[in-house]
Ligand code: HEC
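So this first bit is one chain, no partners, the form predicted alone, shown in structure tokens.
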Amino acid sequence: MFAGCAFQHEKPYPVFAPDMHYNPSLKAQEGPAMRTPPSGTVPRGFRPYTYPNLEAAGKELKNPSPRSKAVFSQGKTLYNSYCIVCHGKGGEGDGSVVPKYPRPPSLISEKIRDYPDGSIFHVITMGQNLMPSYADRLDPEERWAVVHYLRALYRSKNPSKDDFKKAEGYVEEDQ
């Protein structure tokens, strides 16, 4: 009565779609799974950066962000998130990683002051020396906000006479 359960086939069962049955496993982003995109295509949200060096960026790039309290506040927040560990709170290159890594340049030095905004944007975008590129972490508007904040940081350490004249209650002394 149970003789049918003990029956074994001498031949294996037929495979109707061997390509699907014996499919090689592929890992994402490797080998044939990673296809070359068609020529002329551009990823979504991609903005080409065509400035080859610091000088070219300094001459051609102009800061499109307005000097406003909101932009300075955003720049300060981003600086405190990304830059402060190396460059320090005041931008003097005395961040918390300095004992382990070489000291970065002071952002409030005469050299950086004389850089055009586009040059500072270029360094943030492309990186320089040990500083990596922050283009993957900060979008262009955020990088420009950091440039505005660096300018304010420099002026806070090195105010001009015009800065004093703009302050409330300023009285010019006779000399």
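Numbers follow the displayed sequence, beginning with 1. Note that the structure is predicted; figures quoted are calculated from it, not measured.
The discussion below concerns the form predicted in complex with heme C (HEC), not included here.
- Contact check for V71: every heavy atom lies farther than 4.5 Å from heme C (HEC) in the predicted bound form.
- Heme C (HEC) in the predicted bound form comes within 4.5 Å of a heavy atom belonging to K111.
- Contact annotation for P105: at least one heavy atom lies within 4.5 Å of heme C (HEC) in the predicted bound form.
- Heavy atoms of N129 reach within 4.5 Å of heme C (HEC) in the predicted bound form, making it an interface residue.
- The partner is not shown here, but in the predicted bound form the stretch 72-99 reaches within 4.5 angstroms of heme C (HEC) through a heavy atom at Y82, C83, V85, C86, H87.
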